[in-house]
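Only one chain is given next, in structure tokens, and it is the form predicted alone.
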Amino acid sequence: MNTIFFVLLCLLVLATFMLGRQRAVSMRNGSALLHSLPNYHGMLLGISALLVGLFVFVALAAPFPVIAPWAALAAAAAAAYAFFTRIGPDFRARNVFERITLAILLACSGIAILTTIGIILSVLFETGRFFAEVSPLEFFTGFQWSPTGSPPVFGFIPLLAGTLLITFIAMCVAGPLGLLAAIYMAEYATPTVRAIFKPVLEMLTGIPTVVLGFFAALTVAPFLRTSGQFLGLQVSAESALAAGIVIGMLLIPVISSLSDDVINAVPQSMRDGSYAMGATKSETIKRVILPAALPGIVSAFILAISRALGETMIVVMAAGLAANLTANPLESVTTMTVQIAMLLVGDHEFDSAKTLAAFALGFVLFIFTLGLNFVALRLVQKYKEQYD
């Protein structure tokens, strides 16, 4: 029934748009000077029918599920008819339509802000419950993480070390490769090569992370272990290096695509001025284009770092679940996001410190990402002032 209602509502909106536009056109052809274009009259009828219909349907769906669709359609038709009768030379349809559009945009922005505030408050509340049972000093300075132990131990530092280690490895892979790929496609590649390489490179972002996790566990990790044995190194079956390399592969198109767009946005006049001074192409890229595009490149790197910090599936399948405090990339480690997923898997009551620890980790990860974005914003503002 709901599907039929939405189909009928869409047809009604389309019909009211066509009727309103046709009436305005006919009046304009009759030598009447309209304040607004015919399209605005039609869009005003259509959007009024859509909004009123949806509002009535949502309001009546729970108490009167049978009559709600028909009442909503009737109300939508009545709202459209009210504006239909007002179509004339003095009716400011464009102003009314723009005010309605502004109200919709404002409501959407408010919902997004309230949702963010709600998420923060809910995580903050559960984090407070966790720290009521576990000392914050023990959490932030502990060197052991064993939430299922007897007694449970909640030391945050091994998770932080594992998260930073894998993120560092991923950025060492994705940063140079992504930036160099962007420079090549923006400055050196022919239009034909660019049209082929750019979509193929961006296909990496469409590969599910679980597939990349299988690739890391079945291909990259065995290759690293075999190579390590050949070199006389002890490589764990699940290592931070394997996870970092594959996450870096996932981040290459993020950095390359954003950096490519930023480099292309640098004015051609800056390139021409550099060439006029006798600079070569490589000198122009190093001393003119990259400094001018630096704010956007920094933003691309920060976005990639945030993506690496939040990656879960690849780490689970390639790096393991062991909370080892180590800086050796050849050993197994875990991250904050992996532990959040593990702590919330299965049937748990949200009264134990074990489950509440996931919210504490989420809150710390949120603060960490927020601080990272703040630093990046300051850097961007600094260099924007220099090159604007």
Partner chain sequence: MTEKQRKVQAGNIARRYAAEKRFRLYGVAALTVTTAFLAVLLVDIVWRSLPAYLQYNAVMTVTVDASKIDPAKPAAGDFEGVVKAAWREQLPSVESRADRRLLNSLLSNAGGSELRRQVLADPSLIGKEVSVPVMLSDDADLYLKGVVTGVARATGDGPLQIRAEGENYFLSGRGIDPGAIVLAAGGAFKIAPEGSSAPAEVIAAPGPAAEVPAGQWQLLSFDTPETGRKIGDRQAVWLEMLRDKNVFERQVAWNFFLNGDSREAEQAGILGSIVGSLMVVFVTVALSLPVGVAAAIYLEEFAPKNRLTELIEVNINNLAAVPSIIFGLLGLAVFLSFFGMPRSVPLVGGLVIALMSLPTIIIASRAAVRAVPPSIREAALGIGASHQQAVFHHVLPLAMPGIMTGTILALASAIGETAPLLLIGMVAFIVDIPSGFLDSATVLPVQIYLWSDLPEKAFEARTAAAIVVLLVIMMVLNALAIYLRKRFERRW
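Positions refer to the first chain, counted from 1. Computed from a predicted model, the values in this text were never measured in an experiment.
Below, we refer to the form predicted in complex with the partner chain, which is not included among the displayed structures.
A.B. asks: Wondering, does Met342 line up within 4.5 Å of the partner chain in the predicted bound form on heavy atoms?
C.D. replies: Result yes; Met342 sits at the interface with the partner chain in the predicted bound form.
A.B. asks: Is there a non-hydrogen atom of Gly118 within 4.5 angstroms of a non-hydrogen atom of the partner chain in the predicted bound form?
C.D. replies: Gly118 belongs to the contact set for the partner chain.
A.B. asks: With heavy atoms only and a cut-off of 4.5 Å, decide whether Val200 touches the partner chain in the predicted bound form.
C.D. replies: Residue-level check for Val200: yes, a contact with the partner chain.
A.B. asks: Is the gap between Cys10 and the partner chain in the predicted bound form 4.5 Å or less for some heavy atom pair?
C.D. replies: Judged by the heavy-atom cut-off of 4.5 Å, Cys10 is well away from the partner chain in the predicted bound form.
A.B. asks: So which of 84-92, 68-76, 142-150, 202-210 is the stretch with heavy atoms within 4.5 Å of the partner chain in the predicted bound form?
C.D. replies: The contacting stretch here is 202-210.
A.B. asks: Which residue, Ile157, Val134, Leu177, Leu164, has a heavy atom that falls within 4.5 Å of the partner chain in the predicted bound form?
C.D. replies: Checking each option against the partner chain in the predicted bound form, the one that comes within 4.5 Å is Leu177.
A.B. asks: In the predicted bound form, which of the listed residues (Cys172, Ala237, Ala195, Ile111) lies with a heavy atom within 4.5 Å of the partner chain?
C.D. replies: The option sitting close enough to the partner is Ile111.
A.B. asks: Using a 4.5 Å cut-off on any heavy atom, which residues of 168-200 would contact the partner chain in the predicted bound form?
C.D. replies: Result: Leu177, Leu180, Ala181, Ile183, Tyr184, Met185, Tyr188, Phe197, Val200.
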